[in-house]
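Next up is one chain by itself, shown in structure tokens, the form predicted alone.
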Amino acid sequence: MKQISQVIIIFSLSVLLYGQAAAQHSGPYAGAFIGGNALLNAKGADSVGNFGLSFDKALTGSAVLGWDFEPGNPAGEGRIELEYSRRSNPLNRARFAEGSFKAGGSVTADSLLVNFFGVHHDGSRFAPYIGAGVGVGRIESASLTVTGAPLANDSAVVLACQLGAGIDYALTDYLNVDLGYRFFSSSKPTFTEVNGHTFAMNYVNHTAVIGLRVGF
């Protein structure tokens, strides 16, 4: 996480020194992103009662295929894309009525979303954007344990969505650096515990990313 923050800071400072205009790309593109994500504390509930789960921050990665709209497009300035992302966060603590206990395993979300981003072009190399996406996610509770005792090892397919904002910086007419934020959430996945009970939990994630998009 510290290394990702340093990369973002160095990039932000360096691009301020170089702001010449660049031509606006239109047509297909591909991109890859890396960043850090924070899975918020989750509330779980099963037939026994309610409990809470806390997770560590972790790295995330994604890949996109999309299309930059031509200037003057009736749909507006922006782009549409298909995005695959993977977020995996280690489980740190589990909280029950009896107290807080050390926990292990991880919760991983693989998602496939269709995103639409509106982009503001003003003739410079900088282009802020904002948008949203919707699709499906596969969320896995991988070898979850509480004080070493197995809790769950299951997966669920859920509806997923996200909001996004950020800024593009055009290195060339076909190569862009993308610095962005994503708020990712899903409908509640339901997992089967090792004792046969089931529990549902909420999934809400904050993600910061930096990546490259290549037009062709």
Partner chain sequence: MIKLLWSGLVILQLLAGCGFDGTATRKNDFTPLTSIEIVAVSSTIAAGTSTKLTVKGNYSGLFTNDVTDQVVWSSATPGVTFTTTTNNNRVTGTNTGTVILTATVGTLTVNYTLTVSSATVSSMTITPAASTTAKGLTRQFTANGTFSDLTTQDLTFDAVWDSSDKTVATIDDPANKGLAHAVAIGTSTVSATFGSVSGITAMDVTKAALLSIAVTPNPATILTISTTKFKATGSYTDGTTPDITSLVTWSSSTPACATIIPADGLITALTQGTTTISASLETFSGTSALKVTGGNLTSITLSPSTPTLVKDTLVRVIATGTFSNSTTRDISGAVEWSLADPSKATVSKSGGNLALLSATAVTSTPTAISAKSGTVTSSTTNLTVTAPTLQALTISPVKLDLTAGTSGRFTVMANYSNGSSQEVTFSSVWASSDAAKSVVGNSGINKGRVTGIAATIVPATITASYGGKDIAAVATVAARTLNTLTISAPSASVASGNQFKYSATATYLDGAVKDVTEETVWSIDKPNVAIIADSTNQPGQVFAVDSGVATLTATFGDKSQTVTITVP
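Please read these numbers as outputs of a predicted model, since none were measured by experiment. Positions refer to the first chain, counted from 1.
The following text describes the form predicted together with its partner chain, which does not appear among the structures shown.
Asker: Could you tell me which one of 154, 46, 68, 168 places a heavy atom within 4.5 Å of its partner chain in the predicted complex?
Answerer: The option sitting close enough to the partner is 46.
Asker: Taking its partner chain as it sits in the predicted complex, is residue 127 in contact with it (heavy atom to heavy atom, 4.5 Å or less)?
Answerer: Taking the distances in the predicted complex, the answer for residue 127 is no, it never comes within 4.5 Å of its partner chain.
Asker: With heavy atoms only and a cut-off of 4.5 Å, decide whether residue 146 touches its partner chain in the predicted complex.
Answerer: Residue 146 belongs to the contact set for its partner chain.
Asker: Answer yes if any heavy atom of residue 200 is within 4.5 Å of a heavy atom of its partner chain in the predicted complex; otherwise answer no.
Answerer: Answer no; every heavy atom of residue 200 is more than 4.5 Å from its partner chain in the predicted complex.
Asker: Report whether the minimum heavy atom distance between residue 95 and its partner chain in the predicted complex is within 4.5 Å.
Answerer: Yes.
Asker: Sort through 76-84, 135-143, 117-125, 98-106 and report the only stretch with a non-hydrogen atom within 4.5 Å of its partner chain in the predicted complex.
Answerer: Contact-bearing stretch, as computed: 98-106.
Asker: Can you tell me which residues in 183-198 come within 4.5 angstroms of its partner chain in the predicted complex, by heavy atoms?
Answerer: If the 4.5 Å heavy-atom criterion is applied to its partner chain in the predicted complex, 183-198 yields 193, 194, 195, 197.
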